[in-house]
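The data below hold one chain only, encoded as structure tokens and taken in the form predicted alone.
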């Protein structure tokens, strides 16, 4: 049974949709007129900034995406807004990839809930409705625009986990495939594959349901159409991948991931590997768990002439493997989804170490 599931309330889709942002903001009724922007630092000196309806009272934060969101980063953004007495904006607008979209969601939660980001890593811990937020993805694949979580790493305890809450979901999306034109080709593949991978995890899990399956099947079908074509970044294929990303985010909101994402999280926590390329690296060692999907994934990578890095965790010391083990098996829900409640008896330290060495 699916509980009382929530999706994004509104979305716009189409080439040039970003031009509607001003109308969306003007239609919001709020006593405060200023807007908080979180924008991927990649766009700091690009033309996109000139297309945004930025006013003098608005606040702009350029989010560095060299590192994935950490709880400390989120707390710092919150503190900066409180110092400026701008903790109650008309809206938060997040423009970028998964890191930027998750940052906007996390800060929106903290502005209306006491405590720090690390206090809300888990399921349904956020108690108060967040600031109204608008998501504008500039790359497709993570599903961050549609999901009920915003993933963060807490380096102090080695936990990579999101604020999983209905309050985390975006209120409005602007889905403009034009914004994905400038994505580097390899990054386009690695990020797009996040949709494919979390959907195959869902379909191979124990917590399946008809709605999650429907979203997953359609998202995977679109990924196949994109990554089996000669030009995966054509206008039409960028449209398809943006739809796949949204549907994949909806799929995972109604189910769970499996083995790939926890191992990728381990890479992220211990080796600072970015999430999407970490997923693809993890697939190097996933043939025993997802044999058919492993073959298909590798065929699509070969079709697109994408090199999946290997050997990232093949020659580490015992302490590093213990850290990787801890950062992986802590993800109880996805691993029990994939392997059952006794997953720890399957994923022993020796087994987990062997898997990482195969990456």
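Numbering follows the first chain given and starts at 1. Treat the numbers as computed from the prediction; the structure is a model and nothing was measured.
Keep in mind the form predicted in complex with a small molecule is missing from the figure; the text below concerns it.
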query	finding
Segment that reaches the small molecule in the predicted complex - one of 324-332, 294-302, 39-47, 307-315, heavy atoms within 4.5 Å	39-47
The small molecule: the contacting residue among 219, 93, 226, 144 in the predicted complex [heavy atom, 4.5 Å]	144
Selected contact from 71, 113, 254, 138, since only one has a non-hydrogen atom within 4.5 angstroms of the small molecule in the predicted complex	138
Check all three, 105, 191 and 275, heavy atom within 4.5 Å of the small molecule in the predicted complex	yes
Residue 150 within 4.5 Å of the small molecule in the predicted complex, heavy atoms	yes
4.5 Å heavy atom contact, residue 87 and the small molecule in the predicted complex	no
In the predicted complex, residue 266 touching the small molecule (heavy atom, 4.5 Å)	no
Interface membership of residue 180, the small molecule in the predicted complex, 4.5 Å heavy atom rule	yes
